[in-house]
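First comes one chain, alone, set out as structure tokens in the form predicted alone.
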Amino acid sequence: MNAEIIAVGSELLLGQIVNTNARFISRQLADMGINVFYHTVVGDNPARLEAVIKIAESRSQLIIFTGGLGPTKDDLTKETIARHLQKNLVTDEEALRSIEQYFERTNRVMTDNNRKQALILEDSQVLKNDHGMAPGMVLSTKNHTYMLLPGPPKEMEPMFLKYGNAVLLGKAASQKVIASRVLRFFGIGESLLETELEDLIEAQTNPTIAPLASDGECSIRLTASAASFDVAQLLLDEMEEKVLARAGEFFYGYDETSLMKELTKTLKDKGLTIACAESLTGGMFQQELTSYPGAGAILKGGVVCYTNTAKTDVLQVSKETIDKHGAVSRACAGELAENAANIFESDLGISFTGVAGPDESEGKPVGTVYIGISVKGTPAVVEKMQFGGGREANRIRAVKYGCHLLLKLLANSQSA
């Protein structure tokens, strides 16, 4: 059974909200072994919606709609589908009672247009809405199955999980399980990673291999189909072993993780603390680190030291260093990292200094970055980077490289 997801709502096309429903439903269908080949977004226009429905019917057996089931005039999904399929809309009495009871409980006046939410396609199976008013529904014809779901994720997701997936599991022609695993890499470009895996990608059948890139890092999504979850996982394990044999030195984690998340976990596990001195990044490293629970046990403190005065007076970088080498220098980054660790009495210190852009500084080009890392009581190790992005991209990449360098340092100290 091949599926298509149609999101209805002009607010999606205007960029006012993000279509998270399609992502959620796609993941659920993948677990059932139902292929999703198309995502479509259409505005609140009956003619355009019907045109989209006709296209979907030509290529998909399962068509899932989200949105357009509410009480207002622009909520027209079920009306358009009813006209297209030459079906009547009938009132679901249980849904109507639930809507009436809601208004009674909240001491609000129920306007007539709210009755519209209780309308369903005749001959359809109702999907109860436990978190809202408009019910969902499933209607099957000879060649197609149509599932209508509400737009708000807080209504749609529990409805699908509790009622919708049971209906689809019974209709799915194949009981195969589709499992995916994302391998995350840093320090290697997408093109080089793809080159390293070129023969595996060209020969892929099951599992499939899909390179992805985002925000200065890249990942590989492995997808396997099998008769059971355990067999699918075994296929993924075998392919992962082949991939990591080629690019394992750049691998740092799985699925929805991030470099900072992995660093936070590693520091927690090792019982280590860190302090920061941020010029280039302006506190971005600390902001991201503190977004994870338990950061209070890791981060001892930090200073945003954009000016030379802040570097010398607060973080005790010598004026001689600034005068001789400049603030954007290997020497300055080293002192910043060492002094941050000493001042805050932390196990580790990290510093960022450089030229984010848009203009050069101290005769150094945009994208020049120095990252210093100090283990308390020892001289700092400083890495120089040369990035080629814009101001914000350079700052983001610097933070990621800082995490990457710390993870490498901690991994090497553990192996040693």
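Throughout, rigid core stands for the largest set of C-alpha atoms superposing within 1.5 Å between the two forms. None of the values given here were measured: they were computed from a predicted structure. In this text, residue numbers run from 1 along the sequence as written.
Not on display, but discussed next: the form predicted in complex with a further copy of the same chain.
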query	finding
Proximity to a further copy of the same chain in the predicted bound form, single hit among T80, N165, Q286, S258 (heavy atom within 4.5 Å)	Q286
Heavy atom within 4.5 Å of a further copy of the same chain in the predicted bound form - residue from S318, N206, T290, S228	T290
Partner-proximal stretch of 331-339, 233-241, 142-150, 302-310 relative to a further copy of the same chain in the predicted bound form, 4.5 angstroms, heavy atom	302-310
G363, heavy atom within 4.5 angstroms of a further copy of the same chain in the predicted bound form	no
In the predicted bound form, Y254 touching a further copy of the same chain (heavy atom, 4.5 Å)	no
Partner proximity in the predicted bound form: G43 to a further copy of the same chain, non-hydrogen atom cutoff 4.5 Å	yes
Exercise: G296 in contact with a further copy of the same chain in the predicted bound form, heavy atom 4.5 Å	yes
Interface residues of 8-29 toward a further copy of the same chain, as seen in the predicted bound form [heavy atoms, 4.5 Å]	E11, L12, L13, L14, G15, Q16, I17, V18, N19, T20, R23, S26, R27
Core-aligned CA displacement of D44 at least 2 Å between the shown form and the other one	yes
Per-residue C-alpha change between the shown form and the other one, L13, threshold 2 Å, rigid core fit	yes
R391 C-alpha relocation of at least 2 Å between the shown form and the other one, rigid core basis	no
Closer or farther in the predicted bound form, the Cα atoms of E256 and L14, when the shift from this form is 3 Å or more	farther
